[in-house]
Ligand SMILES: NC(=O)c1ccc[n+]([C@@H]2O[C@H](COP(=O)([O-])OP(=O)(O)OC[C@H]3O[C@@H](n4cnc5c(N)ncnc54)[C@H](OP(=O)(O)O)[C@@H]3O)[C@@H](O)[C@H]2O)c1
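One chain follows as structure tokens, the form predicted on its own.
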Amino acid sequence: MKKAALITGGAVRIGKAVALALAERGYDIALHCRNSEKQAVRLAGAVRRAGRDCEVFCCDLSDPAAALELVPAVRRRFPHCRLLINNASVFERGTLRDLSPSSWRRIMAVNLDAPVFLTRAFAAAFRRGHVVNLCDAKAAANFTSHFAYTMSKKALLDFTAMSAAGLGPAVRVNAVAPGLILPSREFGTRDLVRLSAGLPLGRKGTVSDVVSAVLFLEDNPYITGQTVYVDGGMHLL
């Protein structure tokens, strides 16, 4: 049976690795991007060389109208889509004192509103399937230096559980919460190695650790409403 996956923010980093892993497993890929169109086109070529179909869908998920058009567009191209990976995210520093209405709306639009309404549209369009939300292990604590970002991920964790309860049995919803995996503009690889030394497992994670968690959730049809922390035990501290 043909199968396909829609991956938001799928052109780079963890999204790219998930796309390649799913393609290797026989999934056609609907690859969403916003600013990474060149990378998305290159990745689509790699997916096609692996023998699977792939199309790039460019839209700004902070625009509610554009987000609402994404799932119908994917359905026309991949009517056999049964997996949604809500991976796109905005990561910005800012405390509550720094917060402005515009920055709050921008972060919440991508990190929370888009997964909520894409999940709703996915369930309506495809009737059955699986949704995996990419959260963050930081949401288990109060990461106040990134106030709006952390709030969005805390809400996404609750949405995962609530939507799993509301959409079953036809649609499963789960989450993966990575910890110290990839460097960012704020935290380089040395920073991640230093910070991870204090974790229960004593090391930083890898992208493949996150990918394997996504595949585990996809493979097990009796799991829903769960969050898998891929963080070396960070959420325990």
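Quick note: we count residues from 1 along the sequence shown, nothing fancier. None of the values given here were measured: they were computed from a predicted structure.
Beyond what is shown, the protein has a form predicted in complex with this ligand; the following relates to that form.
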{"property": "Which of 82 to 90, 96 to 104, 160 to 168, 120 to 128 sits within 4.5 Å of this ligand in the predicted bound form, heavy atom basis", "result": "82 to 90"}
{"property": "In the predicted bound form, the residue from V110, M151, A140, V71 that sits within 4.5 Å of this ligand by heavy atoms", "result": "V110"}
{"property": "In the predicted bound form, R48 touching this ligand (heavy atom, 4.5 Å)", "result": "no"}
{"property": "Contact of D209 with this ligand in the predicted bound form (heavy atom, 4.5 Å)", "result": "no"}
{"property": "Exercise: L182 in contact with this ligand in the predicted bound form, heavy atom 4.5 Å", "result": "yes"}
{"property": "Proximity of S36 to this ligand in the predicted bound form, heavy atoms at 4.5 Å", "result": "yes"}
{"property": "Residues in 28 to 64 close to this ligand in the predicted bound form, defined by a heavy atom within 4.5 Å, in order", "result": "H32, C33, R34, N35, S36, C59, D60, L61, S62"}
